[in-house]
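In C-alpha cells, the next block holds one chain alone, the form predicted on its own.
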Amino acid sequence: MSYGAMTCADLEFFLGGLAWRAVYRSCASNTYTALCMSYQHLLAELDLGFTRLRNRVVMGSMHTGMEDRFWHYPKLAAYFRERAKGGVGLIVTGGISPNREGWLLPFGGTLNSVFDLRNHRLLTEAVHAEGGKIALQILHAGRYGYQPFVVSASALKSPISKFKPRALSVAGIAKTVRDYARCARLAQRAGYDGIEIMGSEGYLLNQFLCPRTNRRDDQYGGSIGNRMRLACEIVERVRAVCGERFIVVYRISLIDLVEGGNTWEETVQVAQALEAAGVTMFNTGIGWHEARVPTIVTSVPRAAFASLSARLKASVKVPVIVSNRINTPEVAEALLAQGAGDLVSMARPLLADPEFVVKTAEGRAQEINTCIACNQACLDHTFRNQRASCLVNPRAGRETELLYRPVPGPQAVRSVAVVGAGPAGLSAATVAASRGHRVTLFDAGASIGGQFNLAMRVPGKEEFSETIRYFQSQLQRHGVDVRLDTRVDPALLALGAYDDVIVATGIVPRRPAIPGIDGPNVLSYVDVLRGAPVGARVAVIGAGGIGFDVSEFLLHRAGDPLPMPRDAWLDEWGVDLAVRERGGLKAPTPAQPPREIWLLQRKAGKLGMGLGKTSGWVHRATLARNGVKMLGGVSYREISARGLKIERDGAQDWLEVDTIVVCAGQESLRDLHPADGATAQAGGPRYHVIGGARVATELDAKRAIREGAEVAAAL
C-alpha cells in the first residue's frame, strides 16, 4: 500500500470503524492525499503557555540499555541528537529511576545525585542543539524490578520477576515522594525541558492505583481516592520544586488489561485529580507488561486503542498524547484531525526512521522507513539486557559506530554488484548507493523483497510490505540499476567488471529425508504461502518461526480481510474498549478455525522457545486458542496417502492428515561464491557473502539487514 494512494476505506479499515468516518469525509476525493499531504495537524506548533513544541510528534520513551551505564551516554546523546535533527517535537528518554528501590535492573540508570548531571547534560545539549525539546522519564519499577531491593504497594510477587517485593511503609512512601521530586529538580538542573512520570504499564504507580496489587488498609489503599494518593502527592511535590515553567507529563494507563485493573470511571477520576495537582499533559499507556493481551506486536491493528485517548481528552483540559501502534503520518494526522488527541507518541517508528518528521514535512512520506512492530531488535533486545536497535534500521543505537560516509571522491567510487533482492541485498544495495557507489542489483524473481514477500502474506505481518515499499523508494532515490528476472552466473558478473560482488542469494528450503517426502500431499512453506491448495487436516513439520507463521496462515480462510479488522481483533483477545469491567477484559470470542492442525518438532520440550521474547507468547496463545495440537519430541517415519507416521515416546502413530507442510529449516544458496583463493586473483572482484547465503539457520531478517548495511558501509 503506497502512502499517496491510501484510500478512505483503507484508513477506516486500519483505524477500526465508524468513529473515524468524519475524518474521511474531509478528503477532497476518494484518496487520502488531499488532507494528509499537508499534515496540518501533525506539523502544527503546540503552545503550552510557557514554552512551545515545534510540532505534535512525541518520541515516546523506549529503554535502549544505554541509560544504565554512564560510559554509554555519549552514544545515547548521538542517538537522541539524530532524532532531534529529524524534527521530533518532544523526546522522552528511557526510564530513569529516582532511587535504588526503583531500579529495573541492578545498578540501573538513576538521576539522584549532582554527580549524574554531567552525563545527562550530554543528552539535553545534543537535543537542544538541533532545536528539539527533551523530557526525562522517571520510572520506578516497583515489583517489576529484577533486583533484590524491590518494593510495591503490597508484598505481592509479579509474574515477570523472581524477586518478591516488600510493601512500602508510610515512611517509605514519603521518602519515595521526596526521591521523585529530587529527581525532577535534578532533571531541571541538567537542562531537561520537563519530565514524564511513568504511571502506566504496571510499574509502581500503577501498582498503587489498582486493586490487583494494592491490598493496603491505610490511607494509600482501599478507595480510588486513597489508591491515587501517591501519584497525586508526587505530581504536587514535583510542581512545587520545579515551578510552573516546566513540563510535567504523566503517563496514565487507559486500560490495564489485567484482572483487578481500574474501571474507566476510576481512570477519569485519577486523571482529573492529577490535572488539578499540576500535570501539563497526559501521555497514554495501554496494558500491563504481565497482561495476556498483546498491545505492541505487529498483529495489533494500527491505533487500536485510540478511542480511549479521545475519551480521556473529553474529560480533561490539558493536552493528551495519543499512542500505541501508530507508525505512519497518515494515521497520526487522522487521529489528530478527528480529535483523538493533541499530540501523537511514536517510539519504535523513530527507531526505524529518525527523519520521520522531516520526510513528512518535505512531502517524502513514501521514503519513511516504517516500523513493522516486529520487536526483534528493540524490545526483544531490551528484555535480554542487550542494547536496543531496529531490524529495519541497524544504525539505531549505533549512530557512532555504523557510519554511512559519502565516498571521498570520484576515484573512490566502486562498481558493486549485489546478487539477490531480499532484505540483505536490498540493505546492501541502498546503503552502498547512498554513499555514492555505482550499484547494480540482480534478482531471479520478478519483484524485490525476497522472503518478505512471503512474510507479508501471514496474517498479522502485513506491515512487512512497508519495508519493501521503503527499499523500493531508496533504490529509485539513489539510482540503483535494478535487473529483475535475471539469473546471474560468473560470466555475467565478468562482463560487468565489478569491483565488489555481494552475494545475498538467500536460502532454499530444506527437504528432510522422510520416506514419501516427494508425495503429492507434501508442500513446502513456500508453496503454501504462495497459495497452493491445503486440506482440512494438516501436519506442519518444523516449529520454528516459519512453522508458527504457516500455522497461523492456515488458521485463516481465503478471502478473510487482512489485516484483521479492529473489532474482530478485540473480540478474539477479549478486550472491552468501554472498560465496563475492571481492566477492560471480556470473554474472548475467537472465530472458528477452518482447519485441524498439528504443529510438530523433533526437539523435546515446549514449542516456540526460539521465538521472540515479546512476541512468542502471542503466537503460542493464538495457536492454542485455535486448537492447534503442538507436539515436541517427534520422529518422522513415513508419509503416504494416509498421512504422516510419527514416533513419540517410543510409540508410533499415524496422523491421518490431508496435507503435510514442510518447514524444516533452510540451506544457504551460495553457488556464486568462488572457491577459496579465487577472490585473490589479480583484477578480480572482492566477494562478500551476507544474510541467508552466509548462514541459513532460522530465517533472520535482523541479521540480514544489518550485515548488508555493514558490508556496504565498509566498501
Ligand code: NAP
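Note that residue numbering begins at 1 and tracks the sequence as displayed. Here the structure is a predicted model, which is why all the values come from computation and not from measurement.
In what follows, reference is made to the form predicted together with the named molecule, a form of this protein that is not presented.
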The one residue among 543, 136, 139, 346 placing a heavy atom within 4.5 Å of the named molecule in the predicted bound form is 543
Name the residue from 580, 603, 384, 642 that puts a heavy atom within 4.5 Å of the named molecule in the predicted bound form.
-> 603
Wondering, does residue 510 line up within 4.5 Å of the named molecule in the predicted bound form on heavy atoms?
-> yes
Is there a heavy atom of residue 109 no more than 4.5 Å from a heavy atom of the named molecule in the predicted bound form?
-> no
Any of the heavy atoms of residue 395 lying within 4.5 Å of the named molecule in the predicted bound form?
-> no
Partner proximity in the predicted bound form: residue 664 to the named molecule, non-hydrogen atom cutoff 4.5 Å = yes
Partner-facing stretch of 192 to 200, 535 to 543, 233 to 241, 469 to 477, counted where any non-hydrogen atom is within 4.5 angstroms of the named molecule in the predicted bound form = 535 to 543
Considering only 356 to 384, what residues come within 4.5 Å of the named molecule in the predicted bound form, judged by heavy atoms?
-> 376
